[in-house]
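As structure tokens, one chain now follows by itself in the form predicted alone.
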Amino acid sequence: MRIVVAMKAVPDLVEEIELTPDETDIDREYLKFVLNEWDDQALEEALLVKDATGAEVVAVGLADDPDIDQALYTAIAKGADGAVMLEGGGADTHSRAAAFAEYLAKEPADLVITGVQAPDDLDGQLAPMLAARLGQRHVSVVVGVEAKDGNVVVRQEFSGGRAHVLELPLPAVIGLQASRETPRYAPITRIRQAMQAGGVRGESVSTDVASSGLSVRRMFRPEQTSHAEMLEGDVDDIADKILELLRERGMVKG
């Protein structure tokens, strides 16, 4: 079985994010980019299937994503058999799906796993769009993938704690919500070894891909509605101030 994990680099949410002067995008010049957390889950699930079956796992990303090479080398360090960086893909979900589909048409996979969404779009459309372009089966919001007699059994999560277990013939595309295990850690020494070995291969895809046709008119900074008040003094003073605040708000009587 050949498994391809489609990955994306996104801004590190612990960084302070600023908007561009025209307020139509975030200022990316000084931002640090990291692997999308859902794609990290997708990679782990692919590696779990590899551990159980000996499947081949290949991580694929777009060269336009800042710092995606770091994510691809990390995937190799974690156990992926190879990684591919696609030159020419676009930024929005439609363009990304088209770029991944073009690569997969040349180098088919039995199973494609990608994160169910990313924090910078939250639309959850990459997996279904990719499946539609490939003409393959698709399931999203998946929380577990296991190989069985040439098929895959997936556990799909619904609201209210309900789950749905499906058996899919291959090939198929999976949008993963969470892996069965916490994503494994890759030591920096192993990542450096992967870099020195040059395990990331470049591939070109067509730049003439369909976009969503949507454009951002304006982004807004979060509104500040309150502020934190720092209480100073010794333990007794701070306790008295907290009690006073609770009384003022009617949360404590007497």
Partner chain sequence: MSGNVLVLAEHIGGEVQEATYELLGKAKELAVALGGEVEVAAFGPASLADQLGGADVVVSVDHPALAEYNPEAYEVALLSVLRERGPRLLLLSNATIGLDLGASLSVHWDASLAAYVGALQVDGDAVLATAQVMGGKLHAEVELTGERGICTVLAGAFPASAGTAPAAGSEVVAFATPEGLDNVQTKLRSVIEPEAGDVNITEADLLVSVGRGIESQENLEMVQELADLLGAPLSASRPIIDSGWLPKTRQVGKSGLKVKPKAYLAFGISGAPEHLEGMRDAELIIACNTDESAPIFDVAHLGTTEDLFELIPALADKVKG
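These numbers come from a predicted model, not from an experiment. Take the two forms, find the largest set of C-alpha atoms that superpose within 1.5 Å, and that set is the rigid core. Residue numbers count along the first chain shown, from 1.
There is also a form predicted in complex with the partner chain; it is not shown, and the following applies to it.
Interface membership of residue 119, the partner chain in the predicted bound form, 4.5 Å heavy atom rule:
Result yes; residue 119 sits at the interface with the partner chain in the predicted bound form.
Applying a 4.5 Å heavy atom distance criterion, does residue 164 contact the partner chain in the predicted bound form?
Taking the distances in the predicted bound form, the answer for residue 164 is yes, it comes within 4.5 Å of the partner chain.
Partner contact for residue 108 in the predicted bound form: the partner chain, 4.5 angstroms, heavy atom
Residue 108 lies outside the contact set for the partner chain.
Do residue 104 and the partner chain share at least one heavy atom pair within 4.5 Å in the predicted bound form?
No, residue 104 sits far enough from the partner chain in the predicted bound form that none of its heavy atoms falls within 4.5 Å.
Looking at 48 to 56, 220 to 228, 195 to 203, 61 to 69, which one sits within 4.5 Å of the partner chain in the predicted bound form if you count heavy atoms only?
Contact criterion met by 220 to 228 only.
Partner contacts in the predicted bound form for 128 to 153 (non-hydrogen atom within 4.5 angstroms of the partner chain):
Residues within 4.5 Å: 128, 129, 132, 133, 137, 138, 139, 140, 141.
Once you overlay the rigid core, does the Cα of residue 235 travel 2 Å or further between this form and the one not shown?
Yes, its C-alpha moves 2 Å or more.
Please state whether residue 244 has a C-alpha shift of 2 Å or more between this form and the one not shown, with the rigid core used for the fit.
Yes, residue 244 moves 2 Å or more.
Since the Cα separation of residue 122 and residue 141 moves by 3 Å or more in the predicted bound form, tell me which way: closer or farther than here.
Note: Cα gap between residue 122 and residue 141 widens in the predicted bound form.
Flagged pair residue 90/residue 123: C-alpha distance shifts by 3 angstroms or more in the predicted bound form. Which direction, closer or farther?
The answer is closer, because the C-alphas of residue 90 and residue 123 approach each other in the predicted bound form by 3 Å or more.
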